[in-house]
Ligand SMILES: CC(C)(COP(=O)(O)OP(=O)(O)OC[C@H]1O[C@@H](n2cnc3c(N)ncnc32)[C@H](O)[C@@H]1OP(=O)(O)O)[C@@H](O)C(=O)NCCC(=O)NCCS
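One chain follows as structure tokens, the form predicted alone.
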Amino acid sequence: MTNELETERLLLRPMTAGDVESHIAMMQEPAVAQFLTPEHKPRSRAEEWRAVASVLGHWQIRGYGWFSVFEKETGAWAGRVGPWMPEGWPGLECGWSISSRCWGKGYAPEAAVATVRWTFDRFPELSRIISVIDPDNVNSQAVAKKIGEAKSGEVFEFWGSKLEIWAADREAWLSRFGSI
């Protein structure tokens, strides 16, 4: 199985050290950091460097992780999307973070469908995929709906916040979106 994915408009590959500067720049955007940091605002460059090092290490430890998302047309880095399950996480998550310059283009759901398909193919025993979403993050909730997830009624407490768990059942998801 390849770790490089292609959609109609996007190319995805595991994040690498070459993506660090783009990732830090995205996380410095106030609109992006609002739901992705404990303070709900951009963190220092040093804090973001350590955070992206964790993302890169996730691939080494788990054998999967966030993919860097690139626009086919321009080759520009657009964000990160994919499976994520650090220690203590409530389940295998499909997460997404797209640079604000790419918002409104449908990149998050397009990339998320590709990575959920990849995840279900890689883990045939996985009965569901989740997304952990701040209850005020209406944009991420819209993405979750587009990729076949619904609120599960479960709550995950993290960084002093109560986050909602959205989920999709494997069989229902595959019947809607298909496998690789």
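When you see a residue number, it is the position in the sequence shown, counting from 1. Since the structure is predicted, the reported quantities are computational estimates derived from the model, not experimental observations.
Omitted here: the form predicted in complex with the named molecule. The next part is about that form.
- In short, of 42-50, 142-150, 117-125, 56-64 it is 142-150 that has heavy atoms within 4.5 Å of the named molecule in the model of the complex.
- Contact annotation for F35: at least one heavy atom lies within 4.5 Å of the named molecule in the model of the complex.
- Although the partner is absent here, G106 sits close enough that one of its heavy atoms falls within 4.5 Å of the named molecule in the model of the complex.
- The closest heavy atom approach of L92 to the named molecule in the model of the complex falls outside 4.5 Å.
- Proximity of Q28 to the named molecule in the model of the complex falls outside the 4.5 Å heavy atom cutoff.
- Along 123-141, residues V132, I133, N137, N139, S140 each place a heavy atom within 4.5 Å of the named molecule in the model of the complex.
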